[in-house]
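You are given structure tokens for the same protein chain in two forms, set apart as structure 1 and structure 2.
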Structure 1
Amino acid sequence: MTAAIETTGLTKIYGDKLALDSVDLLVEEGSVFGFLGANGAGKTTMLRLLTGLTQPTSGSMKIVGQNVETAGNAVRAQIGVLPDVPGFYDWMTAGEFLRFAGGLFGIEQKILAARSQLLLDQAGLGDVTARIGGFSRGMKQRLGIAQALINAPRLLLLDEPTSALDPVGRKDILDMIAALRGRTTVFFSTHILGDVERVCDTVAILDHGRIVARAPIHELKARYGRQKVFVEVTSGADALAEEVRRQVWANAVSTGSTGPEPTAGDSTGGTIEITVCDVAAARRDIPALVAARGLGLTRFEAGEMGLEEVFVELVGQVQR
């Protein structure tokens, strides 16, 4: 099977800044591939190189078996691209933009009209007649995905498609991406681990321009899928933390420093931050521990580990 993306020693230097450092990456066709990295890690640079918007300093890259630098339109005809902040002609309507985008691929008018309507309906924009200039960020992102799909691409490249969206907009976009599974290869850059866990098969983690991990998502989740629980009590935080530390589901416990400030006016209260391996057990046991000690519970919140913490788990030992 031809790889959807294959890069070898891909390097990009801007002035004295090394944006990508000898990246070797293989993305199998048909996968939904998450490309994870903190802001400034080099994700957008990678996308810009793959789409021919900038040239590599060294190394090579192939998309569906063709050299990106030399194949030009032959490569572009097979990809769909959504930049992190898509720029549209504000004076067009969504339908006009899709027909314009499809026209650039040379799609026959009859097919284009039908496909445009289908994609607009899928993007929830089928009945919208307003000009794009009046669209919300979420509507623009959905239109962005629709225009990236207008040529039924073999490879869809999405740069942070959910960043800066509200929860509803984020869900809509992730649903659209998930619906593409099996229809096309999706290469999806993001800094949001939860998004990757939700829709991707495989993930690569980029750190300071280098790939530091590449694994199927189920493997990554098994290894690093722990979660955090924040507990804020009115008093007795230190003693409670000691007891929590003894629980089998608690991997790490810290007090005060990383959570919110203790409740005002109560010097003995505080926040406990717990990294857990079994969030269901933690949810069940912590309120019982608080109640047994007769403490007041002012906050009890479970959240996913942030990307930075996963990085620490994954690459903390990597020497730079």
Structure 2
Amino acid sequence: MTAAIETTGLTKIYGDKLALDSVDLLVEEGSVFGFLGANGAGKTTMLRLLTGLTQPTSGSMKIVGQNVETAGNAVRAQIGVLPDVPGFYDWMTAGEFLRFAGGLFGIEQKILAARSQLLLDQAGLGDVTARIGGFSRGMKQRLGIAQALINAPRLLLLDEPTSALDPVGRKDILDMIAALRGRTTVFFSTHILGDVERVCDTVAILDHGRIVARAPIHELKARYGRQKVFVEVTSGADALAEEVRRQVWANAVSTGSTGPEPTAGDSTGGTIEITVCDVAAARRDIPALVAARGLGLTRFEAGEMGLEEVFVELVGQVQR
């Protein structure tokens, strides 16, 4: 199968700033791929390179098997792009704008009319007759994705599509992205980790212009993440936490009080959050530690580290 995106040693330098540092990246066709990094990590530079808006200092890049630098419009015709701040003609309606955008690709009018209506319906704008100037930010983002799909691209590039949206607008956009899985490859560049965790199947983490990890999300969590255990007791939380810190399976322990200020006898209850390297041992030993102290146990559960914690762990390792 042809990769949707393939870069080798991709490097971009602006003056004395290294924006991308020898990036090797492979994005499979049909995936929803999360390109994750903090602001300034190099995400927008990558998108500008992939769309041909700027040229690399060194390295190579292919989209659906074609060299971006030499194939020109043959590659661009297979790409849909939603920039971080999309531009529209505010005096147009959504339908007029889509038909205008489709006309730039030379799409036959009959096909264009049917495709425009289908995309407007999918974007929840099929019955909207108002001009774009009166649209909310969420409506404009949904229209932007519809416009990016008007040429039936094999690859959709999204630059921070949810960063300025309210929760309702964000949900609408994420639902649209999720619905594209298997039909169009989606390259979703963002710094919002929760959005990536919700809709993406594979992720690459970019830090200071370098790829520090690339894997399916579940593999990334299994490889770099740790399990967490939460214990809540009615009393003796501080003493129990100290005992837990001495266990070989405990990597980090923190507490939060749920009762009055601690006394000399440690009568306060509270929640203990434990990052563990061996969840089976923790499940076995913690109830025994609680029982040995005669404490009242009101909560005991284990959970996997989220993508946000994996991201902080990886980026922190690079920065240290």
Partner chain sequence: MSGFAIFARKEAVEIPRTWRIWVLPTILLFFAITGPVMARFTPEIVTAFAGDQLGGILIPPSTYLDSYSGWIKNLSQIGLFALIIIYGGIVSAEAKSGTAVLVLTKPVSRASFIVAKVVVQSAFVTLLVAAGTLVTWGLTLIVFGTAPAGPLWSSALVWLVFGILFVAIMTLLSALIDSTSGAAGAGLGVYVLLSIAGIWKPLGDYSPAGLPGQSAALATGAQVDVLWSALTALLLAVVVVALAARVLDRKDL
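Computed from a predicted structure; not experimentally measured. Residue 1 is the first residue of structure 1, and the numbers go on in sequence order from there. Note that the rigid core is defined as the largest set of C-alphas that superpose within 1.5 Å between two forms.
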Pick out the form predicted together with the partner chain: structure 1 or structure 2.
1
Using the core for the fit, does the CA position of residue 130 change by 2 Å or more between structure 1 and structure 2?
yes
Residue 233 C-alpha relocation of at least 2 Å between structure 1 and structure 2, rigid core basis:
yes
How about residue 179 - superposed on the rigid core, does its CA move between structure 1 and structure 2 by 2 Å or more?
no
After superposing on the rigid core, how much does the Cα of residue 297 shift between structure 1 and structure 2, in Å?
18.2
